[in-house]
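Take a look at this one chain, the form predicted alone, written out in structure tokens.
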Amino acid sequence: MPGEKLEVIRIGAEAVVSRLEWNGFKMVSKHRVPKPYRFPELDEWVRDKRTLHEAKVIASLRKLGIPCPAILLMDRSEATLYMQFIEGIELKRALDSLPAEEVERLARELGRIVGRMHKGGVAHGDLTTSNIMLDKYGNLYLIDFGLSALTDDPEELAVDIHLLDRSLESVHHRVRATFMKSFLKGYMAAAGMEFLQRLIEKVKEIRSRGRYVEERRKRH
């Protein structure tokens, strides 16, 4: 592993993300850890495949001009990606303390980013305020593409909007309505009204299925 490990940033279900420094250059590593419950050969194949997939998605996003960390190095033998370190904080930690006009600005910008991403055929897969970084200049970056997909399936794209709304509902209830209103304006500006309307219908379907499952759970 190149560089000196400074700290573990987050530990996920399949990977550990750490901050490193190499010759004064800051970076992060995302290491997919071995799973002892899988056969070793299968485990190696799964981790390698997912690492390659995430690298491919990030390369596609960079071509689309989507703000996300650049990949600096990939170590397939260790199922590890080394990426640009984004100086900033998770939007989750900042959103509730921001003035209303800044919340609206960031929501519109996020809408434009996600709209371009979706039009480019990429679904994030876990679009919550924990996976959006805000730097000191007020710029947004998307991070963590472990669940992402290269797709034009409206349902997979709609899941991003649904998850974002759910994360706002559970963590940022006070600004949810304002944020989503501005987000959808920005999304429409980037992707177009027809594209947005198609996804909104899918979001409604996803929500209705969720309510149906919850109602069945309560009855039983």
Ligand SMILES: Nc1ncnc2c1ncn2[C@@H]1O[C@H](COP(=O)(O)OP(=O)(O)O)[C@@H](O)[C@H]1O
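Worth saying up front: this structure is predicted, and the values here are computed from it rather than measured. Residues carry their position along the shown sequence, with the first being 1.
Here the subject shifts to the form predicted together with the ligand, a form of this protein not shown in this document.
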{"query": "The ligand: the contacting residue among 110, 133, 149, 71 in the predicted bound form [heavy atom, 4.5 Å]", "finding": "133"}
{"query": "The ligand: the contacting residue among 184, 191, 28, 175 in the predicted bound form [heavy atom, 4.5 Å]", "finding": "28"}
{"query": "Exercise: residue 204 in contact with the ligand in the predicted bound form, heavy atom 4.5 Å", "finding": "no"}
{"query": "is_contact(residue 10, the ligand) in the predicted bound form, heavy atom dist at most 4.5 Å", "finding": "yes"}
{"query": "Heavy atom of residue 199 within 4.5 Å of the ligand in the predicted bound form", "finding": "no"}
{"query": "Exercise: residue 102 in contact with the ligand in the predicted bound form, heavy atom 4.5 Å", "finding": "no"}
{"query": "Listed range touching the ligand, judged in the predicted bound form by heavy atoms within 4.5 Å, from 110-118, 137-145, 94-102, 71-79", "finding": "137-145"}
{"query": "Heavy atom within 4.5 Å of the ligand in the predicted bound form - qualifying residues of 105-125", "finding": "none"}
